[in-house]
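Only one chain is shown below, in structure tokens, and it's the form predicted on its own.
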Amino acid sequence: MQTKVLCQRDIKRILSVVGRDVIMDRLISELHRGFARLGRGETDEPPPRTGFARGGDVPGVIEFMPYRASGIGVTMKTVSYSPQNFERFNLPTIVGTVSRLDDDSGSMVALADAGTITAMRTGAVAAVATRLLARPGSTTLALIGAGAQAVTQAHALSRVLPLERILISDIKAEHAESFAGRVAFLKLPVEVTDAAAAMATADVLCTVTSVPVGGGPVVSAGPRLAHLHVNGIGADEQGKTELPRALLDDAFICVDHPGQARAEGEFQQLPDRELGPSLADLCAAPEIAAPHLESVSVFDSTGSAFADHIALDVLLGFADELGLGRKMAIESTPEDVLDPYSL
């Protein structure tokens, strides 16, 4: 049994040869198409993820995100969220791996780093939602949180909106100040501001913070533009929210994963509210979103292994085109399959 392994060198090669714009555009296109199939009932629903919280001196979350495409394969992402990684270890906040298993034999056919592709697919999913729900011609993007995910949010949204400027706010001034350098490839002016000013002037606002459980909201309910669209990205565990209840009460809300929306994300604050259309519903029937383009809307994103499955397909496709990835016998195949010692 051979497993194709994509390491950091391979992903760096894909980024440099194919280009991040081409990869992001492909992700947005394939994710929109995939969510539309899901909305039409043409593919399997993703199960909720599972995992555990890590307490103590170095808190965090370890999560397991599976998705099975019947007859095709199973994608499994193992991902950790460790908000102290940057300060303690100079590591990314999000680290993990994503694998593809053969649907019949269960053998692992591919294994890749999940860091870069998770960041890109999260931005791409937000871009799919934003293209459906934001006011056409939106030019001002505001980001609350200036970490790694803010980079791919800005990149992805720049591919679907005619952005003219980016507003950035972070409780860590050094992160906000360094953001312009990290998104210089977008060739857009970046202005460091506070959360209230960002909320007041944004056409589209993304919250991508490491706020602790019980520490939200990270923005107020207003003042704001009447057509504001919000992508709530950082609330991804029980008890963690970023948006004020008053904003949610006024908004049309779309979720990426109905099966986990009430356990994680902003819908935790709305126990009595019925779930509205999902992102899959909107992709399958964009006319559902049309009446909400001039009013407040929220995309409540908690992350989906369905999106990881599509993103891994995109990554493996580019790797195949470039002849990248090393095949390794990670899983054992005994000479006598009835004798585990006959390796």
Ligand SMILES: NC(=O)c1ccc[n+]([C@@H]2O[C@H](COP(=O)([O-])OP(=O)(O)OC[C@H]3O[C@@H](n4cnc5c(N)ncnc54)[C@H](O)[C@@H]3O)[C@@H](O)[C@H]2O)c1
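On a predicted model such as this, the values are computed, not experimentally measured, just so you know. Each residue number is its position in the shown sequence, starting from 1.
The form predicted in complex with the named molecule is left out here; the points below concern that form.
When contacts are defined as a non-hydrogen atom within 4.5 Å, all of V218, G234 and S301 contact the named molecule in the predicted bound form. The stretch from 234-242, 129-137, 97-105, 158-166 that comes within 4.5 Å of the named molecule in the predicted bound form, counting heavy atoms only, is 234-242. Although the partner is absent here, F179 lies well away from the named molecule in the predicted bound form, with no heavy atom inside 4.5 Å. Taking the partner from the other structure, the named molecule in the predicted bound form has no heavy atom within 4.5 Å of any heavy atom of T75. Interface residue remark: D170 is counted as part of the site for the named molecule in the predicted bound form, having a heavy atom within 4.5 Å.
G145 belongs to the set of residues with a heavy atom inside 4.5 Å of the named molecule in the predicted bound form. Interface residue among V230, A124, V255, V208, judged by heavy atoms within 4.5 Å of the named molecule in the predicted bound form: V208. Contacts between stretch 81-113 and the named molecule, counted in the predicted bound form as any heavy atom lying within 4.5 Å, involve Y81, T93, I94, listed in sequence order.
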